[in-house]
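Same chain, two forms, each on its own as structure tokens: structure 1, then structure 2.
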Structure 1
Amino acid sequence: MVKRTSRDIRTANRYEVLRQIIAESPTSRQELAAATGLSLATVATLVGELLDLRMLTEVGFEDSAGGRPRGLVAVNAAGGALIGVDIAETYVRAELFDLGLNVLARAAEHMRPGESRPEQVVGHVTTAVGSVVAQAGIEGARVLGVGVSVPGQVDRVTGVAEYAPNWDWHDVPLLDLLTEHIAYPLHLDNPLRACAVAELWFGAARGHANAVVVNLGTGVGAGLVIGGGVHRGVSNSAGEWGHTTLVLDGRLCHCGNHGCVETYVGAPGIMLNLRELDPGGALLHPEDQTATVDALARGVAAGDPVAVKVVRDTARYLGAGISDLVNLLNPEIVVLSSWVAATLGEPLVAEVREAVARHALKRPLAATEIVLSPIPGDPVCLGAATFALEGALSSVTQRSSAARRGAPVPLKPV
């Protein structure tokens, strides 16, 4: 049975209005209606709810030509705090944001190789979250929630990390473990979804109904935006583009399959591309992905032919893999995100665009553009904090609806 309710629509509209206000504050209900395509009455209701929740404030009036003054609203940045946590293979990062999604505090914990038992990771998360709250000097009661991104496949409802390939985690009850140490509402998901939500709310996917956010890091994957929302699939594991086959019987992947996209364009795959081209070369830092990708970026900038060739080869694999996404999903935009994309930057994107143009079908190719993520800082922390914001918006729906009933939104000066 497929239920779609007017409540889903209301939630989506509430997100859309808040997104627009965060992007441009202060603003009027009339401007919001024009920007979102919603009716003025709907916008007025949603703004009223957000005012009740203290997520917005009234900030005065502007004249409108020939009409009565329009009330202006803005994000109430001090109305609460959101925390985003990025659990990665080698570090845990936490960032604390105000409701305008401005960073107020940051903390990072380094994890040594082998230090990846669930209790160790939970310890680092607890420390990092405690640190950002202390640095920001806010009361715990103002923290609306903590979003946590954990690699691999996560059950959002039970909070179980089903499979984290690089740590060999299977069915770790991460939410339960975190709840023992962290009292704020917790929202778990994975970095693909975090990056997709970050782009959808604050980045290059804003305003697009169909977008793909390609994550290029140690692991790779694709956050899918379909119909204006993140597509999670039936068991929240959609987006595993890194484990689609690019070369049948190709390189062995840790997932057990051969020739997965990730084995050619994830950081270890890029290192292998380099090793195959120039086995003993100076660009390779055998045990250090970050140093190797940094060296490649510097090499390309300096015109080093080996670096240029490795990036071109990688872009060729990427181009074929991204063409698969373009042909299959026909998105408006493909956003390249995460640290490998950020480090290799525009030279990589330019090569990828050429490679996609060679592989993709004309019609979907003409409809799409390929860009670097414009989000400064860690998009995973930002996306994880956005999970907490979405969680806060959903959990208050009922309460707020009841409070608003019969209380008209003031549209004129009082």
Structure 2
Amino acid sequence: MVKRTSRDIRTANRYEVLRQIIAESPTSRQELAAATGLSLATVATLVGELLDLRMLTEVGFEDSAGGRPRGLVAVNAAGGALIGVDIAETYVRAELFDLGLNVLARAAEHMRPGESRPEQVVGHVTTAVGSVVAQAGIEGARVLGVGVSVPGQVDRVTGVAEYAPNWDWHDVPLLDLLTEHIAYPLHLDNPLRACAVAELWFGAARGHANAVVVNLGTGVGAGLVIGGGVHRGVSNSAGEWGHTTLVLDGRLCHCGNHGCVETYVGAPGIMLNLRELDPGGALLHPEDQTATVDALARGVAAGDPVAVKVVRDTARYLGAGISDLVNLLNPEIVVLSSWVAATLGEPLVAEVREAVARHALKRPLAATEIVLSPIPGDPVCLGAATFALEGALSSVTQRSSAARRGAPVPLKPV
């Protein structure tokens, strides 16, 4: 187990205070102390630092019961910008946020089948990041960082994409490749963590200490919230539920195993479910995942029996897999997230609830709610932007520590 340093703890505390202020702005130092469990003196120090960094602003006072009026602080939305990038198998999306995590600009790049070489992906990311900065009309110096979500297993310290089975990537130095084209500080992680953070801050998991965020896209996984924080595992690999076995000797998966959850409920798996049921039907677009899932959603809405059965069969597989998560983790809430879940919507969620009820144990199921993500935009971009925010706060901590020691302070774009 890696031992946390005092610098790590200070960064985490600063991050948690800022998170609370973003969620409940304006707020007082006393309310922050109660919400975070930190002492009032610690909160006051951290708020002072964030005010000095112009991430916060004083916004007046509120009456207190029998005491002096309490000073209120709020996020200084104009104090900087954050960019979140969602790299998926079929697209690259970028969103630029102010410090209140309000979207100011969006850009998207389509990825054609087979367009997955690292240099091609880097080109799309570079174009999308440049586009949102230009749209927002901000100076580059105001960009505090870029959070990048990349599928598969990622070493967030070295920025290496260690394994992305859908692209057959092994040990790709993605951070170094991106740094050649993007001048802003870069912070990498994967979509499971991004979705979990987005739901914890702004979505259905807000206010819950234990949650599972099921990411349904081309790939499949589960972001885990345990004890109020995102669970990463010892090597930042937790949540690879899409590569657990659902059907013994089942469909071949890109990871090399057979019968993985992803092969039945990811977008390619759903297309195969459709192909097996109605191989020549009009709903199937063989080379286009998005068009096929869109067609299924329209078909369900119109009562098309083929579409209804495909979604029901997919939900049956998904429900069996989610019941394992319910039995194993006993979460308060399971959130269905990402583009496949958003497209198929409530008809999918209703079928999943029924399927989970058939498989999960009654006691943990009784404490679990299963819902669709309420986040209107791209939850992965939103979560990735928080990686940049965390990185910016960590950078500040490092510079302040160096200054106290009298060491040279590294200059970074902020």
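Computed from a prediction, not measured in an experiment: that's the story for all the values here. When a residue number appears, read it as a position in the sequence of structure 1, where counting begins at 1. Throughout, rigid core stands for the largest set of C-alpha atoms superposing within 1.5 Å between the two forms.
Asker: For this pair of chain forms, which number matches the form predicted on its own?
Answerer: It is the second structure (the form predicted on its own) rather than the first.
Asker: Quick one: once the rigid core is lined up, does residue 72 have its C-alpha move by 2 Å or more between the two structures?
Answerer: It does shift by 2 Å or more.
Asker: Using a rigid core alignment, state whether the CA of residue 350 is displaced by 2 Å or more between the two structures.
Answerer: No, the C-alpha moves less than 2 Å.
Asker: Using the core for the fit, does the CA position of residue 367 change by 2 Å or more between the two structures?
Answerer: After core superposition, the C-alpha of residue 367 moves less than 2 Å between the two structures.
Asker: What Cα shift, in Å, does residue 17 show between the two structures once the core is superposed?
Answerer: Value for residue 17 between the two structures: 4.4 Å of C-alpha shift.
Asker: Provide the displacement, in Å, of the CA of residue 183 between the two structures, taking the core as the superposition reference.
Answerer: For residue 183, the C-alpha ends up 2.9 Å from its position in the other form.
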